[in-house]
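Encoded as structure tokens, the following chain is the form predicted on its own, with no partner shown.
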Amino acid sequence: MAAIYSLYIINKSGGLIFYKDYGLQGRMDTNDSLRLASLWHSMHAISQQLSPILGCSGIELLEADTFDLHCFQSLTGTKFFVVSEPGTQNMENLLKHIYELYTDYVLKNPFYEMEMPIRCELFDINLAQSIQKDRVSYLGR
């Protein structure tokens, strides 16, 4: 069973620009993944406004019985979130590494237009290699 079920990248406007499913069961269709990304963007924004802590950056971890949702928001407002097995540790490191791959292979791609869906083969290849190769070091397994 995969420790990571899926990865989402949402632009600062709340649009889904990247989705990758790593789970073996219960794959979502495109409409469901768009709804989940939109819902998460809204919940994240509301949590920032309702938080009693000044300077709160929003929800970073949502724990449920069957999954955990870990979120990293970049300074530009782009959100990276991973749905994983419950209790998975050290996902912050993985999300930061995914952000580094995003900056290296997507943002530096001269053909990529900001806020548009990510269609970058080098990003896909390096992301897959990173998740497979570094699963032990990032997830502590």
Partner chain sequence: MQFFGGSEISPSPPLPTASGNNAHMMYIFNRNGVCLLYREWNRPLRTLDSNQDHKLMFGLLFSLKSLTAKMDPSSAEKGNLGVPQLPGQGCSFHSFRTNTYKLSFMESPSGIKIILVTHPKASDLRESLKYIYNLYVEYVVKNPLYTPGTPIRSELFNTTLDQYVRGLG
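These numbers were taken from a predicted model, which means no experiment stands behind them. Positions refer to the first chain, counted from 1.
What follows is about the form predicted together with its partner chain, which we do not show.
- A single residue from the set Asn109, Gln89, Ser47, Ser74 has any heavy atom within 4.5 angstroms of its partner chain in the predicted bound form; that residue is Ser47.
- Taking the partner from elsewhere, no residue among Leu95, Tyr102 and Pro117 has a non-hydrogen atom within 4.5 angstroms of its partner chain in the predicted bound form.
- Shown alone here, Asp32 lies within 4.5 Å of its partner chain in the predicted bound form, counting heavy atoms only.
- For the chain shown alone, Trp40 is a contact residue for its partner chain in the predicted bound form, at least one non-hydrogen atom being within 4.5 angstroms.
- With a 4.5 Å cutoff on heavy atoms, Glu113 does not count as touching its partner chain in the predicted bound form; it lies far away.
- Residues Gln49, Leu50, Ser51, Pro52, Ile53, Leu54, Gly55, Cys56, Ser57, Gly58, Ile59, Glu60, Leu61, Leu62, Glu63, Ala64, Asp65, Thr66, Phe67, Leu69, Phe81, Val83 of 49-87 are found to place at least one heavy atom within 4.5 Å of its partner chain in the predicted bound form.
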